[in-house]
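Okay, so here's just one chain, in structure tokens, the form predicted alone.
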Amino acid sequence: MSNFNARYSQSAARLDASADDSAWRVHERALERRRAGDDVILLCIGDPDFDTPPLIFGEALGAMRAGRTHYSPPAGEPALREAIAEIESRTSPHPCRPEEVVVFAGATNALFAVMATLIDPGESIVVPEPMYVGYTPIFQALGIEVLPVPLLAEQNFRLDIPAMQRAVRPGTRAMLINTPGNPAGNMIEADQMADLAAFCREQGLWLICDEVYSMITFSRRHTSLRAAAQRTDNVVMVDALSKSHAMSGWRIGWTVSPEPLAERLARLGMAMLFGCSQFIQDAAAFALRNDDVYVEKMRLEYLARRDLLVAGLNALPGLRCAVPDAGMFVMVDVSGTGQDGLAFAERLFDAAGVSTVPGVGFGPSGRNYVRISLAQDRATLARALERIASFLVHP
């Protein structure tokens, strides 16, 4: 008889204790039905339906054939770090050096590293919500307390700066903002970011900005935190190629931060990853320097999808949605149907085979919403609208 008693870390226990599949339950059911051959429409995941542009693929293939399949420097390949630094220097009044850039296996990995480097278990972070559902497991695993601040839904999910400032308390180490935002597609104004960066600096806080949708904007161009802030010694920017370049499976992201923090992030990256793939980084550097045509083509297609979906949804009884300024999603208020978002998502899927994400998965402010992804072509979105309309008549 074995005396072994399995014991797991507190990080694992926190994830076990807080596990809640409500956000993805409809999506998982949709995948099961699709595998069984059923006609379902997946409107959940923000995984671009575009293929990675062939030139980027060819660059990666050429790099592999040239032997670029070995260990990479912990902070990332010089060519990629230089390409990122060049972009940041062009778009910001603050020159950026490659030494301020650290490459990670995607934005989620980068965010985990930033949180682990800056915040100890039991300390807190201020985050506006509804927030990206992927933040929650990071906070849980690291034992970080979240201080949520509702976005102003009636103002197209505008950031409430005074509320963010009031949320700070002893033990708060950082604020995390997301612009353009997931799930709401909101964009934070440059003056708001400047004010928040100055406030955080006065309070001894870090300000972290997730900017992975920076190239998918509709009403105006994106302004980065680095461009908005007067000083950059307390700001961290996170970005990736997953959305803008249809490279979600390539797993490439990065941070731009003060050099002392970048050095620590690189050390943590070495402990977690021991560097990202050389050939993927080569392709990423190429993508950033040769992306004008295809990024704009994808952006315009997302814009057309947004307009189709928003107009169609707002024409249906009981549904209401604001026009998102950016990103790949539309947040739909379903309270006019007499249901909350979770009930609506489950009943819609059962009756019509259309999967959406219940808004409660993004925080309490999303309770009466569902999130719909633009990562389907216009014909599929039109079919989804027909099914939703039929469901509302015959629920």
Ligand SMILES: Cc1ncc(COP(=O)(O)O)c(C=O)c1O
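Just so it is clear, the model here is predicted, and its values are computed rather than measured. Position 1 is the first residue in the sequence shown; the rest follow in order.
The same protein also exists as the form predicted together with this ligand; that form is not shown, yet it is the one meant from here on.
Heavy atoms of Gln281 never reach within 4.5 Å of this ligand in the model of the complex, leaving it off the interface. Interface membership of Tyr132, defined by any non-hydrogen atom within 4.5 Å of this ligand in the model of the complex, is confirmed. With a 4.5 Å cutoff on heavy atoms, Ser277 does not count as touching this ligand in the model of the complex; it lies far away.
Interface residue remark: His245 is not counted as part of the site for this ligand in the model of the complex, having no heavy atom within 4.5 Å. Of the candidate stretches 297-305, 150-158, 101-109, 120-128, only 101-109 has residues with heavy atoms within 4.5 Å of this ligand in the model of the complex. Against this ligand in the model of the complex, the set Glu346, Ser355 and Ala384 makes no contact: no member has a heavy atom within 4.5 Å. Contact with this ligand in the model of the complex, defined as a heavy atom within 4.5 Å, holds for exactly one of Ala240, Leu225, Leu196, Ala287, namely Ala240. A heavy atom within 4.5 Å of this ligand in the model of the complex is found for exactly one of Ile84, Val212, Ile208, Leu309: Val212. Residues of 179-199 that come within 4.5 Å of this ligand in the model of the complex, judged by any heavy atom, reduce to Asn182 alone.
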